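Below, in structure tokens: the form predicted on its own, a single chain.
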């Protein structure tokens, strides 16, 4: 795998077709199921026997859920708590997918390094925001795009900008996560290749290979941080978009 982009190849594990549609089971689907299984075990073990004084598993689950709930309280208000299961599910699933891709030696695949996966998650948020906005406010939801007190010429100009900005939300949300995951994994692979290439110079492997190895260790730690931060940013932006649907301006 000299090409750093080969790690993102979607490989068919079990071919399956329904008419003209390709429904093959791929490595991307496999690792999404692995992420789902890990999250399910984490939540089941942490909530199967709730105690007044929580054990470590229960405390971990409660901490993650409270973190998401407080984020909704701060950005949406009390009415945002009804969307805590949605935002929590997206946050913990994205986090699991991001972190699984950093496991070495097992052929781990990062589903969130593909824009189709991140766009699917972003569309769930976007459609939810639109449905909630129209159910709660009706056609008054369009006032989100019109600045209060603006003159008609300025209002029309801002309206066009706001509509385009609103429609671009799922794409920016998807591309931000996909681009960060892809870029980080490419850097890890490039510097990993340097470790092998520069470390093979005769009697001086440690002299030439130690620098890219040290950089790779630092990048690995940075990628763990980015995996967590990007899951948080995805959930945070979902909360902000829900705030627009619930509270408008």
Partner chain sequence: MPQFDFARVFWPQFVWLAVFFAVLYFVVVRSTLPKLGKVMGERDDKIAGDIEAARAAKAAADEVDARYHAELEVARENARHVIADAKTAGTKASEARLATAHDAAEAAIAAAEQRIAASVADAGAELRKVAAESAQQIVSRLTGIEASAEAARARVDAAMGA
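Keep in mind that what you see is a predicted model, and the values were worked out from it rather than measured. Numbering follows the first chain given and starts at 1.
Although not depicted, the form predicted together with its partner chain is the subject of the following passage.
- With the partner omitted here, the residue from 108, 90, 99, 132 that has a non-hydrogen atom within 4.5 angstroms of its partner chain in the model of the complex is 90.
- When its partner chain is considered in the model of the complex, only one residue from 215, 187, 61, 198 comes within 4.5 Å through any heavy atom, namely 61.
- Annotated contact segment (heavy atom within 4.5 Å of its partner chain in the model of the complex): 111-119, selected among 111-119, 163-171, 136-144, 71-79.
- Proximity of residue 219 to its partner chain in the model of the complex: non-hydrogen atoms within 4.5 Å are absent; the residue sits far from the partner.
- Using a 4.5 angstroms threshold between heavy atoms, residue 36 counts as touching its partner chain in the model of the complex.
- When its partner chain is considered in the model of the complex, residue 26 lines it closely, a heavy atom lying within 4.5 Å.
- In the model of the complex, none of the heavy atoms of residue 180 sits within 4.5 Å of a heavy atom of its partner chain.
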